[in-house]
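In the form predicted alone, a lone chain appears below as structure tokens.
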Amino acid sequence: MMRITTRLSHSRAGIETRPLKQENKLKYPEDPIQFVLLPSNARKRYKGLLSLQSLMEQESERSSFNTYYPARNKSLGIIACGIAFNYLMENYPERKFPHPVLQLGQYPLPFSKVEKIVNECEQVLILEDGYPLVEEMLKGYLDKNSKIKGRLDGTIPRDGELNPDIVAKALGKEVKFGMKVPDIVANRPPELCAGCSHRDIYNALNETMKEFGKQKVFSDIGCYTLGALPPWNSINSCVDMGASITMAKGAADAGVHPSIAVIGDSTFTHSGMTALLDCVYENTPVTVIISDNGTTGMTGGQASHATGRLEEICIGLGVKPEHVRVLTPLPKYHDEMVNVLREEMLYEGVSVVIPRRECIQTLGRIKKEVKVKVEEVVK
């Protein structure tokens, strides 16, 4: 078991591959109702899971990823979890630690090693990125003498990611790495691509909302979420996949009008259809903008399940055909988009507006591929 933190997820490194092994042969579970989690079976399965805990703890105790580094100065012990051990090594590049160190890389906790360092040392500093999980497990209500140090007592900042400077400061060392970004480096927040269709629908939406007021637009997760940033400042929420339409419905039920949802074409088929069905069932006055760029743009341009069938999906879910409106998001159609959005926001029922134009990134990629093929034919 590994603990995945933000910095680990955002890191990359070279890897060595090995020859592919043969896949396991297909077989069915010995217990034919293993995956039938009725309450009676779930209780039995949970007991089975608990019976494996001791085996996992034994594996963790033996694991080479959980290493104890002894040292003479036991005024402090250091438990470094995962990537935090890398930051510790940057302060001691030759691994000549002045205090005992327990490197944790596999879970559950290796209790004998943890118990050893806690008992041997006068104080214990927990270095872990993200939530103070290990620190809370060790601190609890019994740490009357404040022996455990870390994020919870302010030795390490409660928020933000770790870095070598923070670790050095917690150890009382001189901060020498200079992790502060120089003032000369300009801040470059992410933004919508030049020529992106989302830009044009947000310009039209902003123009329309001048009449209806602010903080009535609920968004979803995708490239279009960048519409929350300047210069658009068009959306007011982004919680999880599918939350745009459900939050817009809740707002409409509470009396917010107009209530607008912004969702992408691929996200709509992933997590938005059931919410739209709920709106149709109660004829909730919401306007759903499905910004259709014909791809799953945020994660690399994979095919979208919705391509070519968004209208029929919405009509099939019960939206009246005359209130499923398709637009072409280009600056020259700005006034038309504003008029359509205004009409549908004033409608006392479920309406869907589909601004449709291909993602500028996938379009550029397709043009390059076509150019290469043409050149090959010519040759």
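Numbers follow the displayed sequence, beginning with 1. Nothing here was measured: the structure is a model prediction, and the numbers come from that model.
The discussion below concerns the form predicted together with a small molecule, not included here.
- Using a 4.5 angstroms heavy atom cutoff to the small molecule in the predicted complex, none of N86, L104 and E128 count as contacting.
- The partner is not drawn, yet in the predicted complex one stretch among 129 to 137, 298 to 306, 272 to 280, 89 to 97 has residues with heavy atoms inside 4.5 Å of the small molecule: 298 to 306.
- Within 4.5 Å of some heavy atom of the small molecule in the predicted complex lies at least one heavy atom of Y224.
- Contact annotation: A168 falls outside 4.5 Å of the small molecule in the predicted complex, judged by heavy atom distances.
- In the predicted complex, at least one heavy atom of T267 sits within 4.5 Å of the small molecule.
- In the predicted complex, N293 approaches the small molecule with a heavy atom inside 4.5 Å.
- Contact annotation: of the candidates A71, M241, V256, L76, the single residue with a non-hydrogen atom within 4.5 angstroms of the small molecule in the predicted complex is M241.
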